[in-house]
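Presented below, as structure tokens, is a lone chain in the form predicted alone.
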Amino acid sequence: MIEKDEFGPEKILEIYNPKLRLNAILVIDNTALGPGKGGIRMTPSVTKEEVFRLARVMTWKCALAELPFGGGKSGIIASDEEIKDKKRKRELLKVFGKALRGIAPETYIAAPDINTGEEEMRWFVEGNGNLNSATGKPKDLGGLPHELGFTGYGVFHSTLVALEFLGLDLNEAKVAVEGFGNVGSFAAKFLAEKGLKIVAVSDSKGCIYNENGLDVEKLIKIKKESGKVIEYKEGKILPNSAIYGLNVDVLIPAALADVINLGNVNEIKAKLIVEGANIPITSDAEKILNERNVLIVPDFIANAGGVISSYAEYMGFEEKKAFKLIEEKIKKNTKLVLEKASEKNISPREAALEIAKERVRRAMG
């Protein structure tokens, strides 16, 4: 159900093209701080409610990162066959971009999300006719593609701050990463380079677990070549759902929404959960974890690297400056939120929401 409150949503659009059978949704949640910013999610099951929830997360994420953007999100309902068919996918993105002329970039700026990347942003921009209608574009269009790992880089820094806050030794901490796409693979890569032990990684096909640690560079290569982390043979192959119950210090859910829920929350052994994905924990499950003193760094703090890089692209910054900006903002905001939560004896999500809401209210007047 979509909750309407003092913040929004301002616009909910359902877009349908009968000729090309484009079926899409756009939610512009709040534009007090600037145009609604958020990616284009392309799945067979994306719903209006899901798009709204994600748009609301973007409202808080942009406010917390102190960016001149509001919250928005869009979804294209497409079958797995359509997603794999490059010609069909291009057709859908171009038509969607065209349908949003006058809306993007004026009140909505698109970006990559599930099943959309830099090439999809090229197609969207081609249809829309305005280069500023999307970020995460290919380099030849002046973009800073998300494939450079900006979101994972932010998750990496957020994890380091949270580990220090908990007083956990980086060299002793065991990490599990759920989802090994653009966010999870880069988060794992940066953490491994820092000396942390990545003991488990999962994707849609399964989970690979080795308590002595995984060679992340080798794993990235195997995933790229085979499409499956379980082709990495030096460890136990488990069902992908097994990753939630492993004996680890840090769990990074970095794929889909609601993966930690009432069905598996009691299996969680991690002391720290850093939300690489958007809304990966249901509110019921999060409440239980908070009561068990599991520290959760919320999505709109931990994975804000993507939207910070979007701002960097929007401003014409180069890669190096974008990475520096992400490090500064993510470290500052993670620390700010964890300290506020501790001082007020509230959850990090409540602390982060207090800060974000105050900033949006101020902008709304």
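We number the residues from 1 along the sequence you see. Being a predicted model, the structure only gives us computed values, none of them experimental. What we label the rigid core is the largest C-alpha set whose atoms superpose within 1.5 Å from one form to the other.
Although not depicted, the form predicted together with ligand NAD is the subject of the following passage.
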| note | Assert contact_stretch over 287-295, 157-165, 254-262, 79-87 against ligand NAD in the predicted bound form, heavy atom within 4.5 Å, equals 254-262
| task | Work out which of 249, 119, 203, 91 lies within 4.5 Å of ligand NAD in the predicted bound form, going by heavy atoms. | result | 203
| request: Report the residue, out of 96, 153, 180, 108, that has at least one non-hydrogen atom within 4.5 angstroms of ligand NAD in the predicted bound form. | output: 180
| said: Is it the case that residue 277, even though its partner is missing from this view, gets within 4.5 Å of ligand NAD in the predicted bound form, heavy atoms only? | reply: yes
| query | Any of the heavy atoms of residue 174 lying within 4.5 Å of ligand NAD in the predicted bound form? | reply | no
| said: When the contact criterion is heavy atoms within 4.5 Å, does residue 223 count as touching ligand NAD in the predicted bound form? | reply: yes
| Is residue 282 close enough to ligand NAD in the predicted bound form to count, meaning some heavy atom within 4.5 Å? | no
| request: Could you tell me if all three of 41, 61 and 146 have a heavy atom no more than 4.5 Å from ligand NAD in the predicted bound form? | output: yes
| said: So that I can tell if residue 327 moves, could you say whether its C-alpha shifts by at least 2 Å between this form and the one not shown after the core superposition? | reply: no
